[in-house]
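The chain below stands alone and is given in structure tokens; this is the form predicted alone.
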Amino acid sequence: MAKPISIEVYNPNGKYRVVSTKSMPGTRWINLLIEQDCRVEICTQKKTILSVEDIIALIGDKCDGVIGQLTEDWGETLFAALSRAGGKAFSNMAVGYNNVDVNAANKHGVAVGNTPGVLTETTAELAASLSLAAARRIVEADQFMRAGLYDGWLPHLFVGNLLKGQTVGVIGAGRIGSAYARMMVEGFKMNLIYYDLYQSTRLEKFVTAYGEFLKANGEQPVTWKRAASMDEVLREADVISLHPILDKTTYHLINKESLATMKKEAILVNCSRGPVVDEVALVEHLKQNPMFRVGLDVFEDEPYMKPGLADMKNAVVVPHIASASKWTREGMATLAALNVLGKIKGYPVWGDPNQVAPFLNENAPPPAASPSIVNAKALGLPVSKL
């Protein structure tokens, strides 16, 4: 028999039972569910990642929907358990859903939600932060100070890279990649080279307009170029930020060969998906090229790092915090809850999952729709006309 799972219960007499596998920031998401007659059960188990068995115990015999996390293995076993309990909805509190077997969800008629449209700027800001931290060796310098090693100014002490006038490379110029590019171009007057299967016309127009503005004010204009290949970005850029999706074509996109293509003093940033980078190859490259630096928010075998990475002074590593601003995380919790609620209440699916401002407006009721259901078409769910 499975061990009891500790929970916190809100609105115990609610008609619909919604389970959250983790406590999530803010209270609005809880209140929105309660207002629609949901009993909300939040797992309070002191365990970072719940097992499949833990989640089955949480689902129990009757459950209308679950809000889960990207660290959980949502496959055949869990969707079968949720379906048996009468559940029709699951939502990741994340934009990604690599942890979800969508085909298994389809088989059991479970709607799968995610939370795009709320974390673009926050994620881009962290990528920019890692770029600057790596360029100016901020973490190394901070550790040096805290260790009591500073005994006076020296000409060569923690000399890093100037960003102004250098070239920033973006691989994957979607919403987050484009937001990052704009920050680096406007914030540090960097030139842009990007690679994407699709032309990013809005980004190109932005850089062109900003370049004209600088020229009109007597400054050197910034430039942009759409690369014909990823290797072109790797060869030419001084700072490279990765923003692709993760699939079989982007697994180990950055490997021994592609690292060798980059400049010896380049900076590589990854806030996308860990397996995009061959971490073993990266560790070896960092060892052999002490002026090469990297900023990582995600890891190949998360939550673990490959051996040796933690010892690299030329690596800035943070624990998957790209979306960790208060506004964004509270917004993600709200969207995940509304995905589940929408399916429970029979609402249609929102027409554009990237335009979620109406759901995040705390001064008005949210639209009667699920913000983002990734398998809506497969399940034949109606689309909102709002």
Ligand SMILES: NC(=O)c1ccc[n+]([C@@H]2O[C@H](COP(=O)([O-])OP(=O)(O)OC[C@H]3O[C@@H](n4cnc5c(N)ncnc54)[C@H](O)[C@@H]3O)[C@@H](O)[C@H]2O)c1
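Quantities reported herein were computed from a predicted structural model and do not represent experimental measurements. Residue indices: 1-based, along the sequence shown.
Keep in mind that the form predicted in complex with this ligand is missing from the display, and what follows is about it.
Enquirer: Specify the contacting stretch among 202 to 210, 242 to 250, 283 to 291, 143 to 151, defined as having any heavy atom within 4.5 Å of this ligand in the model of the complex.
Expert: Checking each option against the 4.5 Å cut-off leaves 242 to 250.
Enquirer: Check for me whether this ligand, as it appears in the model of the complex, comes within 4.5 angstroms of all of G172, Y195 and A322 - heavy atoms only.
Expert: Yes, each of G172, Y195 and A322 comes within 4.5 Å of this ligand in the model of the complex.
Enquirer: Just to be sure I understand the contacts: of G86, G75, G96, G308, which is the one whose heavy atoms reach within 4.5 angstroms of this ligand in the model of the complex?
Expert: For this set of options, the contacting one is G96.
Enquirer: Please pick, from R273, K263, H108, R226, the one residue with any non-hydrogen atom lying within 4.5 angstroms of this ligand in the model of the complex.
Expert: Comparing distances to this ligand in the model of the complex, the residue within 4.5 Å is R273.
Enquirer: Look up in the model of the complex whether V298 has a non-hydrogen atom within 4.5 angstroms of this ligand, and give yes or no.
Expert: The answer is yes: V298 has a heavy atom within 4.5 Å of this ligand.
Enquirer: Can any non-hydrogen atom of I176 be found within 4.5 angstroms of this ligand in the model of the complex?
Expert: The answer is yes: I176 has a heavy atom within 4.5 Å of this ligand.
Enquirer: Do L119 and this ligand come within 4.5 Å of each other in the model of the complex, heavy atoms counted?
Expert: Within the cut-off, so yes.
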